[in-house]
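Just the one chain here, the form predicted on its own, laid out as structure tokens.
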């Protein structure tokens, strides 16, 4: 009996030591990576003056995504899996802010008689839109992340995301190869809709913000209902 107690005490003390084991200081590694990033940015600047800006912007976005755990996939997936809509509401808030910002930029160019930036992205809505959205949505849920989330987790060393990134590249190349056929036979048969042409600039912004607000309220009510059940 005494031997069993002694053995139990030894095991619990061993577990305590393991739990209290100090984490390895990663500060030197962080400083080394920062120095390498700065050196690489300087080297990019010798080739092209604009490249360091892209490099810094990419690093900043990656850091923000990693620290905030921001993921478009989770914003659409979590309401159904966990009932949480915090990311969903965050994405909707971002959409509202960018709606105002992009509308201001486009309207500024419009009243000056300049080409409206970004009009090449106003493309016809067709069956390809729905099919692509469904396939991409299924792929994102299975892979556990969208393009940004996959890249972020590759940097964290997740093996599954490395595999996802590989097939993401394969799928993108395949899609680019077949895009001409889809555009000619499916996409161009749809109709492009630019909301300011239909509702006017102010009306388009108000309608889009109202839709976003209704989705935000619906997401909030969804989470509250899930918490009550």
Partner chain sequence: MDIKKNKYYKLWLKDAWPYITGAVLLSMFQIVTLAVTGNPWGVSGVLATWGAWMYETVGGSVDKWYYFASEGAQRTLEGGFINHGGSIRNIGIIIGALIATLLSSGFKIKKLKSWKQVVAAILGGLLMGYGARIGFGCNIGALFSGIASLSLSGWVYALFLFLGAIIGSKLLVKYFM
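Residue numbers count along the first chain shown, from 1. Here, rigid core means the biggest group of C-alpha atoms that superpose within 1.5 Å across both forms. Every value quoted in this text rests on a predicted model; they were computed, and no experiment measured them.
Same protein, other form: the form predicted together with its partner chain, not shown, and the subject of what follows.
Undergrad: How about residue 211 - does it come within 4.5 Å of its partner chain in the predicted bound form, if we only consider non-hydrogen atoms?
TA: Yes, residue 211 sits close enough to its partner chain in the predicted bound form that at least one of its heavy atoms falls within 4.5 Å.
Undergrad: Does residue 111 reach its partner chain in the predicted bound form, with heavy atoms at most 4.5 Å apart?
TA: Contact check for residue 111: no, nothing within 4.5 Å of its partner chain in the predicted bound form.
Undergrad: Is there a heavy atom of residue 69 lying 4.5 Å or less from a heavy atom of its partner chain in the predicted bound form?
TA: Taking the distances in the predicted bound form, the answer for residue 69 is yes, it comes within 4.5 Å of its partner chain.
Undergrad: Although the partner isn't part of this model, could you tell me whether residue 26 comes within 4.5 Å of its partner chain in the predicted bound form, counting any heavy atom of the residue?
TA: Looking in the predicted bound form, residue contacts with its partner chain include residue 26, since a heavy atom lies within 4.5 Å.
Undergrad: Who in 123 to 151 is close to its partner chain in the predicted bound form, meaning a heavy atom within 4.5 Å?
TA: Going through 123 to 151 in order - heavy atoms within 4.5 Å of its partner chain in the predicted bound form - the hits are 123, 124, 125, 128, 129, 130, 131, 132, 133, 134, 135, 136, 137, 138, 139, 140, 141, 142, 143, 145, 146, 147, 148, 150, 151.
Undergrad: After superposition on the rigid core, does the Cα atom of residue 187 shift by at least 2 Å between the shown form and the other one?
TA: No, the C-alpha position differs by under 2 Å between the shown form and the other one.
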